[in-house]
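Have a look below at one chain only, the form predicted on its own, in structure tokens format.
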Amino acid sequence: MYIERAGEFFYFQYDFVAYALGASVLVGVVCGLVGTFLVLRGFSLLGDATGHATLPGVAGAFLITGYQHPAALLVGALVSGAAGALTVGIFSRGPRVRPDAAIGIVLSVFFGVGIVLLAAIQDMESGRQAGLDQFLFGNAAAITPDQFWGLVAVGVLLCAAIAVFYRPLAMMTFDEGYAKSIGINTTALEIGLLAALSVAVVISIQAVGVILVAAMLIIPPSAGRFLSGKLLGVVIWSVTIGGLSGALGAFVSYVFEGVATGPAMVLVATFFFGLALFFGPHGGVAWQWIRRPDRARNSGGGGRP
């Protein structure tokens, strides 16, 4: 049975398989690209807060429109997610709230509001069939052709924007003081990065859900750091691992019936992270074991009892 389903997947006998595969790959690529700058700046969990912050926007959009209109739900998610990301940015700049505390507050409050709204919707007669719970864990197989091409357009624009601002983003990531000294508006750039994060989260929640989107923002870049010591190398590895995780996650989800695409993508990305952790040339466990005798000899300790 599994071999038969694998054959169906690779031959694209059903249109929804191609759309699910393409969407999953694009989500992995976009999350890997945006997540690189978040991880290197120490804002890894900001993606988690933004993902959870989209839930009240999705539920609120349903309450306003009265039915599950995809465009309205995504707009609601974008507004709510952007509000959550900006709230974290504002709180973390103050002297009284640490960034990790700001992230925890926003994540808890926004997600709590979203759960309350979902519970209220499920009690409504029209809400029982809303299917909004799929936004929690994602459902790539439910992506329509219009949603797919919209995702492609937004994803390409987002990648192009980051490519255009790559150099100032790199400078701000590694030395914000120097970036300011040469005239880069780091405040505007940070707001743009938060906006990019919000867009990346919104286009990803259909495939991986609000709960697991943070994993796709964090795991591929974290693996990339073990594989390259340069920013461009980390970006390339992160995008590659994200895209492969999307493709393999979609495959696993289709072959093994009942496995959602989002969790499958995260598990595949975690597998790649484990390989990078042990075998990566920049801090990997295996490389540290290999280099340890060399360091001992260079320090004059080789051969001593």
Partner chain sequence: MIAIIDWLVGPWQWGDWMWRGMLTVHLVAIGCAVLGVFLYLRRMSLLADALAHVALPGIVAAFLISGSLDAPIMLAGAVAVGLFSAASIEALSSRPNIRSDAAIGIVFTSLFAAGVILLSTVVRDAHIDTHCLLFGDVLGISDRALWLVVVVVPTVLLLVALFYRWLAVSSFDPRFAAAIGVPVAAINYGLMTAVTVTAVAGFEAVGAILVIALIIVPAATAHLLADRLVSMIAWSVGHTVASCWIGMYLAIGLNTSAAGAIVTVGGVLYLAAFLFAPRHGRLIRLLSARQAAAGGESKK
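Positions refer to the first chain, counted from 1. Predicted model, so just to flag it, every value in this text is computed and none were measured.
Missing here is the form predicted together with the partner chain; even so, the following discussion is about that form.
Q: Using a 4.5 Å heavy atom cut-off, indicate which stretch of 191-199, 67-75, 164-172, 204-212 touches the partner chain in the model of the complex.
A: That would be 204-212.
Q: Would all three of Thr144, Gly150 and Ala247 be in contact with the partner chain in the model of the complex, where contact means some heavy atom lies within 4.5 Å?
A: Result no, not one residue of the spot touches the partner chain.
Q: Which listed residue (Leu158, Val97, Ala83, Ala179) meets the criterion of a heavy atom within 4.5 Å of the partner chain in the model of the complex?
A: Of Leu158, Val97, Ala83, Ala179, the residue with a heavy atom within 4.5 Å of the partner chain in the model of the complex is Val97.
Q: Residue-level question: is Leu136 within 4.5 Å of the partner chain in the model of the complex, judged on heavy atoms?
A: Answer yes; at least one heavy atom of Leu136 falls within 4.5 Å of the partner chain in the model of the complex.
Q: Ile219 near the partner chain in the model of the complex, any heavy atom under 4.5 Å?
A: Contact with the partner chain, yes.
Q: With heavy atoms only and a cut-off of 4.5 Å, decide whether Val235 touches the partner chain in the model of the complex.
A: Looking in the model of the complex, residue contacts with the partner chain do not include Val235, since no heavy atom lies within 4.5 Å.
Q: If you check in the model of the complex, is Phe62 within 4.5 Å of the partner chain, heavy atoms only?
A: Phe62: no, not in contact with the partner chain in the model of the complex.
Q: Though the partner is not shown here, which residues of 30-51 have a heavy atom within 4.5 Å of the partner chain in the model of the complex?
A: Read in sequence order, the residues that approach the partner chain (within 4.5 Å, in the model of the complex) are Val39, Leu40, Arg41, Gly42, Phe43, Ser44, Leu45, Asp48.
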